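Quick setup: one chain, the form predicted on its own, written in structure tokens, and binding and motion questions come after.
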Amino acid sequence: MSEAESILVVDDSPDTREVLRRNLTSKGHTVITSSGVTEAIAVLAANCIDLVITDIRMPGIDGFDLLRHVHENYKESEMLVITGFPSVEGAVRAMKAGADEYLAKPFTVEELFLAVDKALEKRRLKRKAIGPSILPARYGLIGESKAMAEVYRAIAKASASSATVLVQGESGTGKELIARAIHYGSRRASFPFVPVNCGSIPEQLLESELFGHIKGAFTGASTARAGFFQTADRGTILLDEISEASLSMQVKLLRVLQEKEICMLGSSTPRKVDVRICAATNKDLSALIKKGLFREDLFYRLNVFTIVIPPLRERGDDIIPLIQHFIARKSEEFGRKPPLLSEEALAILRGYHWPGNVRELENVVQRLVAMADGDLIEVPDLPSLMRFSALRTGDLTRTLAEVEAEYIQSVLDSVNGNKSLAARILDVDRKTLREKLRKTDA
């Protein structure tokens, strides 16, 4: 076993929980215990659990309800039932609810280990069958929701091929992380991964940056210089914000895809390159084609293998794990003890629509951790828009301008006034943001 597998033990008996914890810890497992179903559901939301061991008869919500919850929401978690009231009917019901193993109390330590090993081996085989589900931990991708499970499967398939990949998703969803995951899961992993933001490099420099230039190609070109495609040779290049490339640049990129060769600026001699291309965009390329702003032939060349990243508002099950991840990371960066979130604050964060997606969530958590005075983050500590959106769900009296102004200010607050970052979250350029702020101040 290469790494400790996590087990959640749910039983209302403290003695049973402690015995199971000691025995399973001795075998190298990471064990979390819960006294009831409500607490267990919270643990599942904040942790990646490989195996759930649960009693059936407990006060309040019983173990069958927990089995159904795990089966419906955590497909990759295995389940083991332990009970002091065994019956054929109970065993059948547990199996129908998704349990993999069934143990009647009292059982020996050897019987426990055998049942746990069988369940975890099934988990390992399932991981192999669906591909690299360890991607979240390895490449910064966090999430166990159904929407993200589809993304992981797509990453696994893309990694196994050499096809060009188009990654689509709103700003802040993590398109570069997806491209990195594909690269490092492929046979090209030992060669460079080179990300290029086509929207941040001036048009007159982009060709030189991508393809390189020879000495004397333009004023100031005193030496030859390799471009990003040569740097990425045998590896992967990510053309981020591909929709921002000019039509003339799109023609040159089409040639690279068709001929697998480039021409350095100032040279007429083509050079072969062995580079896998990933492209990413937050725009609707089909709509841009209709407007004459994007070449249809390039789109078809890029659209060999498409991965669509769901926005955070469609990944509700992932919000709490993401918050926990960012709290731990930012607390370590700031050298402080990770603060806790009150249930009310967590509920507001869970229900917020996150237009800036994961990037906005990370910025908000960073601000909360940096500004927290104590060990508990409560509702008043949240950005104003989040508090107001929770209070004003049914308030339809405000004008559109008021709502927009309030939201823009909230985004600015969440990134400590950084206008460039706020513009990226809002998906507008800095000039548009400045104009909107000017109208707000007027």
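For clarity, every value in this text was computed on a predicted model and none was experimentally measured. Heads up: residue numbers just count along the shown sequence, starting at 1.
Beyond what is shown, the protein has a form predicted together with a small molecule; the following relates to that form.
Taken together, the three residues T33, Y74 and L340 lack any non-hydrogen atom within 4.5 angstroms of the small molecule in the predicted bound form. For the candidate set C263, L322, L368, A119, a heavy atom within 4.5 Å of the small molecule in the predicted bound form is found for exactly one residue, namely L322. Among the residues L349, V275, M148, L166, the one placing a heavy atom within 4.5 Å of the small molecule in the predicted bound form is M148.
Across the options 358-366, 182-190, 213-221, 263-271, residues that bring heavy atoms within 4.5 Å of the small molecule in the predicted bound form belong to 358-366. With a 4.5 Å cutoff on heavy atoms, F299 does not count as touching the small molecule in the predicted bound form; it lies far away.
In the predicted bound form, the small molecule sits within 4.5 Å of a heavy atom belonging to G172. Taking the partner from the other structure, the small molecule in the predicted bound form has a heavy atom within 4.5 Å of a heavy atom of L141.
In the predicted bound form, the small molecule sits within 4.5 Å of a heavy atom of L177.
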